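Shown here is one chain on its own, the form predicted alone, set out as C-alpha cells.
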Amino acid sequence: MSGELIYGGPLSERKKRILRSIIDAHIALGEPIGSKYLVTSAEIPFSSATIRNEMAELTEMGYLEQPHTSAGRVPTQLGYRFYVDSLMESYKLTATEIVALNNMLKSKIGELDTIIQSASKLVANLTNYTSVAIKASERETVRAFSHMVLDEHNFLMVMKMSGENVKTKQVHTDIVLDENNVSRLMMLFNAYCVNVTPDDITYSTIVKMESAMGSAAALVSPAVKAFYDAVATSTDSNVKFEGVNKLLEYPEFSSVDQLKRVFSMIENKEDFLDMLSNSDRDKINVFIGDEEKRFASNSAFIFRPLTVDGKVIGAIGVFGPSRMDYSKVISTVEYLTQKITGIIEGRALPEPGDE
C-alpha cells in the first residue's frame, strides 16, 4: 500500500480530518500527537488502529514526521502549508480583542508611522509572537510648480511637494531668459510633471515639452534635471520589531544556532523590505520554514501589506515558530490592516465592538 502513495498527494476526507486535528493539537500543546490523544481528546470517530494507519500514510506522504521512536507525530512544512491553504478554520476575534484593536486605532488616527508601530505592538501582545511593523519608502512627487526669475541666465524653480514641504532648485541656462518663457515652461511642468515620478517622464514627454517651447526649447533639459534632483530622494523606510523576547518562550528557538539565525534575520531588515516589494499586495502572505530561504526551517512569517490607492505604504507581520496559531494571527492581522487602510482612505472609523 505504501508504494502507491505519492509524496504530497491528494488526501481523503478522513486523512484531512486527522491531519487538521493533529496540527491543531500540536499548535496548542507543542508536543508530538499520538492516536490515543486523538481518540480521547479530539473527538475523532475512528478507532486507534485506523488513526495509526492513517498517520503512518500521512507520514509517508510527507505531511507528518515522527521526531522520536514514540507513536507521536508532528507536522512537516508540507503539512503546515496544506493546513494553512486548505484545512484551517477561520478564527473569530473576541469582543475584547476587537475593542482593544479599535481603541488603539482611534487613538492614533492621523499618524501613519505611529499607528503602524502601535498596531504591531498590540498584535505581539494579542498573539504572543514577535510582530513586525514595516513602513515602505516613499518617493515624494510635486503637487505644483512655480518660479522666480533671478537674472537673465538663472531662475528659481519652486516645487510644492506631496509631503507639503517646498523645494527650490536654481536652474542655469545659456539662453537669455524672459518672464514669458519661464512662465510657459512652468505651465508645461504643471501639465506633464505633477504627481508623477521621474520614471513617468519619458523621452517623448520631453520632446513634446521642447516642441511647445519653440525657440526656448533649451530651457526644458536643465529644468527636467532640477525636477529629477528634487524628487530623487525618498523618505526612509524602516522595519521595527516588537516582542522579540517572546521567541524565547518557544522550544523551537531554544538552541544557540536557531537563535543566531533568528537574530541575524532581524538585523538584516532589507530582507523584509525586499519581501514587501515582491509580495502579493492584496492578501495575507504566509511563509513557512525554508519556503523563504531567509528564515529558519522551524519558523513562519505572516504579513499583510497596507495598500492605499494601489500603492503599498507598509505592512504588519508576525514572526514565530512554524506551529504558530495561524488562524488567530491571520484574522488579527487582516482585521487591523483593513481598518488602517479604511482610516487612511477616509472611510468610517471603527466603533467599539464593530466587526
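Note that residue numbering follows the sequence shown and begins at 1. Remember, predicted model here, so these are calculated numbers, not experimental data.
The discussion below concerns the form predicted together with the DNA, not included here.
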**Prompt:** Pick from 322-330, 46-54, 307-315, 282-290: which stretch has a heavy atom within 4.5 Å of the DNA in the predicted bound form?
**Reply:** 46-54
**Request:** Classify Leu58 as contacting or not contacting the DNA in the predicted bound form by the rule of any non-hydrogen atom within 4.5 angstroms, answering yes or no.
**Result:** no
**Request:** Although the DNA is absent from this view, report whether Gly72 comes within 4.5 Å of it in the predicted bound form, heavy atoms only.
**Result:** yes
**Prompt:** Looking in the predicted bound form, any heavy atom of Asn298 within 4.5 Å of the DNA?
**Reply:** no
**Item:** Partner contact for Gly62 in the predicted bound form: the DNA, 4.5 angstroms, heavy atom
**Value:** no
